[in-house]
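Below sits a lone chain in structure tokens, taken as the form predicted alone.
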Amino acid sequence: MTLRRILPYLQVAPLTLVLALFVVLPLGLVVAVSFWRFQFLVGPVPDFTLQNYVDLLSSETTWRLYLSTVKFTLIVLAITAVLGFWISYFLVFHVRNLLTAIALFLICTVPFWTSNIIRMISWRPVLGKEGLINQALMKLGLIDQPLAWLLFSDFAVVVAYVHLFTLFMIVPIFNAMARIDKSLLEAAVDAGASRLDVVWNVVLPLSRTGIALGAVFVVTLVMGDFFVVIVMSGGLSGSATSGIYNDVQIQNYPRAAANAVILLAIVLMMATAIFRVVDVRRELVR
């Protein structure tokens, strides 16, 4: 085999090695452990069994946790998609100065200069019973007593998720919109299209790649998180990853691994559905 024929294999060898060590091998271990048996006071026992999956899939608690996770994911995905699209649209097509657009885009990244935990907990003095929102509404006479559902509720969880993950939707949509030839918009306007028609028929179709990539980011981040749900709901809501966390706490690693495999399968199905709608590879080569 000549050097020219083996050169492509040598070029991809480092990436293949990294993926094998840090992706394939860990996932393989998780899948293998998911078929082990857990024995109380002993721990994981390497005996093949399907009982972990049977227990999870037949448990009403498991179904409630996964439904809660999917609910949060879809709500956050819808909100971040709307925010990400219109913020990106404003930065790309309404800010004429490139430096100003870049500066405004960087402002969106300012919250990421601090810890996720700090940014999440910072909502407590805003949403709490003695928080800014409740105090402002009471002073305006709109409510007689504080709104208890603002904090330690599903609403608080969604607010925290949107705050944490909107940027992951903005960045890919911004990049997709920045590639759009602005002469297409001018041609559409000259042809008699309204501003809404231009957005719907020109900007939105050409931004599908960014929306799809942002959706994958948001889906994986929300479905893989458990800390936000625990803290912002006050323990009143749960998620699939919180179930994994509880199993790890009691060292029931086989059931935690089985739960992780199920969660990974759901995430992959959602990502596959997104990429079925938008062929990202074909869009990127245009």
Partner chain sequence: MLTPAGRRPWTFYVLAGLFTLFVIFLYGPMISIFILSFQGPTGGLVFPLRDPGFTWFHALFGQARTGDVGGAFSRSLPLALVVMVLTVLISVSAGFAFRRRFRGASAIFFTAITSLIVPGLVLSIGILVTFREVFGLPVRWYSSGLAAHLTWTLPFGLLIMFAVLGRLNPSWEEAAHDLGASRWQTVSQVLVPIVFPGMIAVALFGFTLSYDEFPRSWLTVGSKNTLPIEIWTMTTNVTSPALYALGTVTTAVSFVVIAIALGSIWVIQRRRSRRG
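Since the model is a prediction, treat every value here as computed from it, not as a measurement. Positions refer to the first chain, counted from 1.
A second form of this protein, the form predicted together with the partner chain, is not displayed here; the remarks below concern that form.
- Stretch 107-115 is the answer when you ask which of 107-115, 141-149, 70-78, 204-212 has residues with heavy atoms within 4.5 Å of the partner chain in the model of the complex.
- Under a 4.5 angstroms non-hydrogen atom cutoff, the partner chain in the model of the complex has Trp36 among its neighbouring residues.
- Proximity of Gln249 to the partner chain in the model of the complex falls within the 4.5 Å heavy atom cutoff.
- Proximity of Ile170 to the partner chain in the model of the complex: non-hydrogen atoms within 4.5 Å are present.
- With a 4.5 Å cutoff on heavy atoms, Glu130 counts as touching the partner chain in the model of the complex.
- Candidate site formed by Leu7, Phe22 and His163: every one of these residues places a non-hydrogen atom within 4.5 angstroms of the partner chain in the model of the complex.
- Shown here without the partner chain, the chain has Thr241, Ile244, Tyr245, Val248, Gln249, Tyr253, Ala256, Ala260, Leu263, Leu264, Val267, Leu268, Ala271, Phe275 in 241-278 lying with a heavy atom within 4.5 Å of that partner in the model of the complex.
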